[in-house]
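Single chain ahead, written as structure tokens, the form predicted on its own.
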């Protein structure tokens, strides 16, 4: 079996699981439902996943990979850190809006399975990328240098995602999307801008 075929079957199972679990819920979804939708044999499912619950971390990993890839692409040509940060915030809001059902699915599935510690492993490349951006900005004198870069990267990523999730999932919309993004950006800018 070629790597492409393996990848195609894995992705077909993941996409089918996302659709069916989003519609029916984790407990009401059977493996038979998933493989039927994916167009693969039931035994094929077990080549990739040991159980239905094992799908949730894989779905989370897939979502983080999409987020990281899209964030890198959108921010790669930004002239300075503040432009990078505004673009990053905008992209996280876009991704959260587009994938809100998947985010809810992942959160509920990881909470049910008591797997929240898996998040740190899944997020590691994402945090490391953001740490590199912070280091570059510090080196360029664009933000203060007195930061714990690892902690700050996690805090910023989590804060931006939480604000976007509150807006799109929690329906905390007493202000517009643009105002929400502006508030997040201004808060972060004030906390990191070097003294003049």
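Please read all numbers here as calculations on a predicted model, not as lab measurements. Residue numbers count along the first chain shown, from 1.
Keep in mind that the form predicted in complex with another copy of the chain is not shown, yet the notes after this line are about it.
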query	finding
Heavy atom within 4.5 Å of another copy of the chain in the model of the complex - residue from 58, 66, 31, 169	169
Contact residue in the model of the complex, from 97, 73, 117, 83 (heavy atom within 4.5 Å of another copy of the chain)	117
Interface membership of residue 15, another copy of the chain in the model of the complex, 4.5 Å heavy atom rule	no
is_contact(residue 127, another copy of the chain) in the model of the complex, heavy atom dist at most 4.5 Å	yes
Contact label in the model of the complex: residue 191 to another copy of the chain, heavy atom within 4.5 Å	yes
4.5 Å heavy atom contact, residue 51 to another copy of the chain in the model of the complex	no
Residues from 11-37 in contact with another copy of the chain (non-hydrogen atom within 4.5 Å) in the model of the complex	22, 23, 24, 25, 27
